[in-house]
Ligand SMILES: Cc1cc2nc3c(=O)[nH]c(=O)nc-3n(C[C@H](O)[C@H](O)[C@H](O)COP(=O)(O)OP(=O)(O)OC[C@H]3O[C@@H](n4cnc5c(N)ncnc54)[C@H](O)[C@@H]3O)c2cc1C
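Next up: a single chain in structure tokens, the form predicted on its own.
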Amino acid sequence: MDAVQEEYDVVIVGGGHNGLVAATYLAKTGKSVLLLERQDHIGGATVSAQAFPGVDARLSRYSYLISLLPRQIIADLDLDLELIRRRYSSYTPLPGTTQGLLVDNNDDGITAASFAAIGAGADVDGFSQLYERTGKLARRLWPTMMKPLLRRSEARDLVGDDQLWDDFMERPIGEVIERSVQNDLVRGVVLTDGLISTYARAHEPDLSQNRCFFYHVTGGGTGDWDVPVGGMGALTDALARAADAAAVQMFTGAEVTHVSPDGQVRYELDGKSRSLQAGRVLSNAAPAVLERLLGNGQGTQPSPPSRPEPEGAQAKVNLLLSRLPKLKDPGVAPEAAFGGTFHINELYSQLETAYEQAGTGQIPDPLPAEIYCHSLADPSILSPELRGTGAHTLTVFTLHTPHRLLTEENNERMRSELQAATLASLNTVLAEPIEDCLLRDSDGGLCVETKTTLDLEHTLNMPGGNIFHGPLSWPFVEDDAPLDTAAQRWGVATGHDRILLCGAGSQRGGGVSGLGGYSAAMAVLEDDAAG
């Protein structure tokens, strides 16, 4: 292990992708940077893992697709990262039938015929126009994501379309969905972009679903979601190489126990308590975790949280299959259906019912979920032997399974029940049980792994299992918000001058974007330039 200095220009708490981005940008300017990660490896949620004993498959264990990572960050840090664009946007079976909706990014004719097959031919134009409008929103606002924050009125003026702004930024998203398309399934497909890890209704007055929707349709100015070649671990590997080349010092197994406003950091490493001084501390942990660290000084009491505790609303289920399952729909090949996002039991009406069921403490039945098959786009995550057998991976992300359903006492049982509910929901749209396609590991167990929100809280230190570290924020501030400091202008302020957010809990954080890390680094450099 490298020698530990007593003082650093910057200490970063947490070695997820945002922490690595911030560390590398700052170290490249000559600053001394130390990154402390409590796990025995860096990467946080952007890791690949061999999840099943004796099975040579590197699964993206937590996060799995990339949309919000700016190409500028990839270029600035010279990251060796390849992203693949998927041909198909989505496939959604119509429950109780042998039909489904296939949205083909490369063939409008196939898409229109699929709309007609499910009785939604009248919605083709409305669906297309809705996403043309979100495309305009993305093109106008995406370029601002790597600049100091705009005020709300400035962002509205930049969009230059009052109706567009009101539909997506001021009014519940359910209103524009219901005006644009009429079919229950088509409405559900649109709404799902607003519900990933977000427990909300289409007409939620706090607009949490709108903010989630915005980030899902904005990435890269197009809203496309790309597959990282080699899995999400390839991003972490590329960032680690860049950080190492920039002389970032990185310690794993280092758990931070206290951060003080004057930049003192205490942590445990190799069974010893250690302390150091930082010019600035950048927190890649969730804001709620940072608040606890600030309250853990000797002789002090933790202050009451300044914001509600975060709550995730998803379970993640990883599967390894001997082959893709057969569909009930004879007109769509499994390779096409699983080539994009495969929606199951996500009618607009089903999503509302699922919300209500979860509100009474139940796992929704049927359970709404979304599926993605990494190995169709990028078979490199499988060994040559597995590829030769026709094996494939499936990643399932459930909706409307909020953290409030879980406790320390029921987590093991709920994990089993959520897994069973996920497989049962999938089986309702297949022509054969998914269990017939599951591979077995070297111990004879089925190759299926489920992670609850409480599992994420335990493993990744994400309060409530919220993958965004808390409620998502708009990519702008209100007109009366203070923008007096660099940290405020970049959306990374904490209330302590020497401590900044650099993770998903920053103003434009959330998702695999690196924007939290980039913004924190820019705030530090702006402050230094001002003297």
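Just so it is clear, the model here is predicted, and its values are computed rather than measured. From 1 onward, residues are counted along the sequence shown.
There is another form of the same protein, the form predicted together with the ligand; it is not shown, and what comes next is about it.
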Interface residue in the model of the complex among 427, 277, 144, 461, criterion: non-hydrogen atom within 4.5 angstroms of the ligand:
461
Consider the chain as shown here, without its partner, and state which of 313, 354, 320, 285 has a heavy atom within 4.5 Å of the ligand in the model of the complex.
285
Please identify, from 50-58, 487-495, 37-45, 23-31, the stretch that has a heavy atom within 4.5 Å of the ligand in the model of the complex.
37-45
Contact check in the model of the complex: 107, 116 and 336 versus the ligand, with a cutoff of 4.5 Å between any heavy atoms. Do all three pass?
no
Is residue 523 one of the residues lying within 4.5 Å of the ligand in the model of the complex, judged by heavy atom distances?
no
Look up in the model of the complex whether residue 62 has a non-hydrogen atom within 4.5 angstroms of the ligand, and give yes or no.
yes
Can you check whether residue 17 is within 4.5 Å of the ligand in the model of the complex, heavy atom basis?
yes
Any of the heavy atoms of residue 436 lying within 4.5 Å of the ligand in the model of the complex?
no
Heavy atom within 4.5 Å of the ligand in the model of the complex: which residues of 218-232 qualify?
225
